[in-house]
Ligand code: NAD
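Only one chain is shown below, in structure tokens, and it's the form predicted on its own.
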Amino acid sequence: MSKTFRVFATCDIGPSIDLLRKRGYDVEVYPQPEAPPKSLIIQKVKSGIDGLITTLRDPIDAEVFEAGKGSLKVVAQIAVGFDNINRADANRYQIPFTNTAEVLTEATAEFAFFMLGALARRMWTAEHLTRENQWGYWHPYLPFLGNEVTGKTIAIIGTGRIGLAMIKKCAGFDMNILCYDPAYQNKEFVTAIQDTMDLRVARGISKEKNWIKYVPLNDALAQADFVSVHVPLIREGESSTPTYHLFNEQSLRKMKSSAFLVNTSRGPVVDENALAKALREKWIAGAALDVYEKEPLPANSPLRDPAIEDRCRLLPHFASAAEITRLSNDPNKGMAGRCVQGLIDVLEGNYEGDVTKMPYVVNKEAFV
């Protein structure tokens, strides 16, 4: 490699940065845990960098692409989502951007299931009882009971990669599974899961026969004990099946009063004002969220209402925050490794320099 590529990373993504340096790259990393101001990103891009490593926190739009005109060659995002990147602007300036899909699938689904269990079994409330020395007796049902997960019915809203991974985990807990996807139904996968459920009964592993099927959204909401959300964020006008505020007053009222909602997809899929109201007025039993309409979660968020804190678990966009998933150098296992490989592919002209063949580039349509 004859040219020294200059790269600016808006956050430290771990040992994968050293891989770039060993390849001769000149890499500067923003040293603070908070996101850099947009003005600094523009300044760095304007200085002539070849590549930019970004996170969901960084607004990347025409202003940034204009600053990098003639020098910026790629934006490598360490995330599956890219809501922060203006795709139309990237296409207009002919700048490919990459993401890190697939490697965080199992970690995210695993976390969603753990959230579901912690919420249903009231683990937060139970630990507070113990830590605050309020545990003064043992009783079969006082001061409260949680809800079992095993054998219950869950609605999986969105059957993309993470939704399918969640289905696998739910099947292991002998749950009945209602599937809804506004864009695509993976009927082959659902049939395979049903075959597995049937085999578990036939071989004596499970006592009762479970089932899985696709249903309309309203049916899924009305019948489920748990609702787990795995759809991408699609705003009005972007598609015939938008998901912005898919969960609003109308849809939340369709859920059982004993049901729980878990969201690990994108914050704006849930109308937070409506959810807070649903929890206060007990339309539903509880909710657990790892993503929000605005991140970090504002101090005045209605979700912080002390009146609902026993039924509302709030996590800091943490679902993929597992060591291998976040930091592995291996692009088949780690977000950091995949981010760096996507950057290398573009800068070093892998795949014969054909952007449309590069597996981690998102906006291939701009280069057809």
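Residues carry their position along the shown sequence, with the first being 1. Values in this document were obtained by computation on a predicted structure and should not be read as measured data.
As for the form predicted in complex with nicotinamide-adenine-dinucleotide, it is not shown, yet the points below apply to it.
None of 57, 38, 317, 304 but one reaches within 4.5 angstroms of nicotinamide-adenine-dinucleotide in the model of the complex through a heavy atom, and that residue is 317. Of the residues given (86, 243, 210, 153), 243 alone sits with a heavy atom within 4.5 Å of nicotinamide-adenine-dinucleotide in the model of the complex.
Comment: 75 to 83 is the region of 188 to 196, 75 to 83, 140 to 148, 121 to 129 lying near nicotinamide-adenine-dinucleotide in the model of the complex, near meaning a non-hydrogen atom within 4.5 Å. Contact annotation for the candidate site: 173, 255 and 312 all lie away from nicotinamide-adenine-dinucleotide in the model of the complex (no heavy atom within 4.5 Å). Within 4.5 Å of any heavy atom of nicotinamide-adenine-dinucleotide in the model of the complex lies no heavy atom of residue 97.
When contacts are judged by a 4.5 Å heavy atom cut-off, residue 181 counts as touching nicotinamide-adenine-dinucleotide in the model of the complex. In the model of the complex, at least one heavy atom of residue 162 sits within 4.5 Å of a heavy atom of nicotinamide-adenine-dinucleotide.
Contact check for residue 234: a non-hydrogen atom falls within 4.5 Å of nicotinamide-adenine-dinucleotide in the model of the complex. Contacts to nicotinamide-adenine-dinucleotide in the model of the complex (heavy atom within 4.5 Å) from stretch 246 to 269: 246, 264, 265, 266.
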